[in-house]
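Heads up, the chain below is alone and in the form predicted on its own; it's given as structure tokens.
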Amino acid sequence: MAIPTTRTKDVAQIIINQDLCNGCGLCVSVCKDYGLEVINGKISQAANPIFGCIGCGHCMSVCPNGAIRIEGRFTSADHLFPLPRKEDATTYLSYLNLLQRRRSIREFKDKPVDRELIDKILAAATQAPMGLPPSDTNVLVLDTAEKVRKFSFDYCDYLKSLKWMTSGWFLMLARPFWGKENDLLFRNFVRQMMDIFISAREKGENMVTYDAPAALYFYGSPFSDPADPIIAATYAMLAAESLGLGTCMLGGMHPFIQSGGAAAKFRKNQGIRFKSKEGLILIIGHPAVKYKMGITRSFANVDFV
């Protein structure tokens, strides 16, 4: 039985070249579907895998002789590439420096983000670990300031229809069902956020995406793991930072465009293919400000058990 996604509901095919196989068993050790076994010194497909091949490609990536090919679930031998040398990868210090230099940027120069840079960001983000393949993460690319502003203003116009969700009577009725924490969140954040977005829109100001020259909306599908678009957006953010661009993660828009007929209409009008458990908008641009200092952050708890 294949694991379903929006892209395919079939298993991938495992193709073994017995003439090239030396029976080392490396592919067996990395296949967590238990889909391979060594029989008489050669690799064979197991009779009872758990799900059937999901197309992760681990077996053909680890094979020293190129004896295995995977075809299906948007994976094939054509997708293989030599791993970069370890010495060409970043060091921990370089990586830490990148993270420490990162700030959430909301002030951008009036300068477009070249398509070449967007393509590089997307290429890096596709390497994110996005659940079981093929990835069900989707990306809506807004590659001009005009597109970003239109998306934001359309969102504000849509928000007006949801103002009842922050009214006193609704919050009083909803509290027993969604609890104290959601009640506090709506009273002390969501209500103010809606008011700011809508009032700024009426004055022709964009407080949603800050008139960023580009934005990437990462979202999943009804099949995808909720973490998948978040992880991909994080990879994209770090890639953009490495290219000298400023970024900011915006999570407040996604939850409000998932449920109901008006939300479905908004998604359709914007070219958003699916409703999704989680999603993030990453705004990107050339920073208009430079920070001199970083700020140390912390986790709520770190427990060694």
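What you are looking at is a predicted structure, and each value in this text was computed from that prediction instead of being measured. Start at 1 with the first residue shown and count on from there.
Beyond the structure shown, there is the form predicted together with a small molecule, which is absent from this document and is the topic of what follows.
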One residue of Arg187, Arg103, Lys147, Lys160 in contact with the small molecule, assessed in the model of the complex (non-hydrogen atom, 4.5 angstroms)
Arg103
Counting non-hydrogen atoms within 4.5 angstroms of the small molecule in the model of the complex, say which of Cys248, Cys56, Cys63, Ala263 makes the cut.
Cys248
At 4.5 Å by heavy atoms, is each residue in Lys120, Gly131 and Ala240 next to the small molecule in the model of the complex?
no
Contact between Tyr210 and the small molecule in the model of the complex at 4.5 Å, heavy atoms?
yes
Give a yes or no for Leu280: in the model of the complex, does one of its heavy atoms lie within 4.5 Å of a heavy atom belonging to the small molecule?
yes
I'd like to know if Arg297 sits close to the small molecule in the model of the complex, meaning any non-hydrogen atom pair within 4.5 angstroms.
yes
Partner contact for Gly252 in the model of the complex: the small molecule, 4.5 angstroms, heavy atom:
yes
Heavy atoms within 4.5 Å of the small molecule in the model of the complex: which stretch among 84-92, 212-220, 103-111, 152-160?
103-111
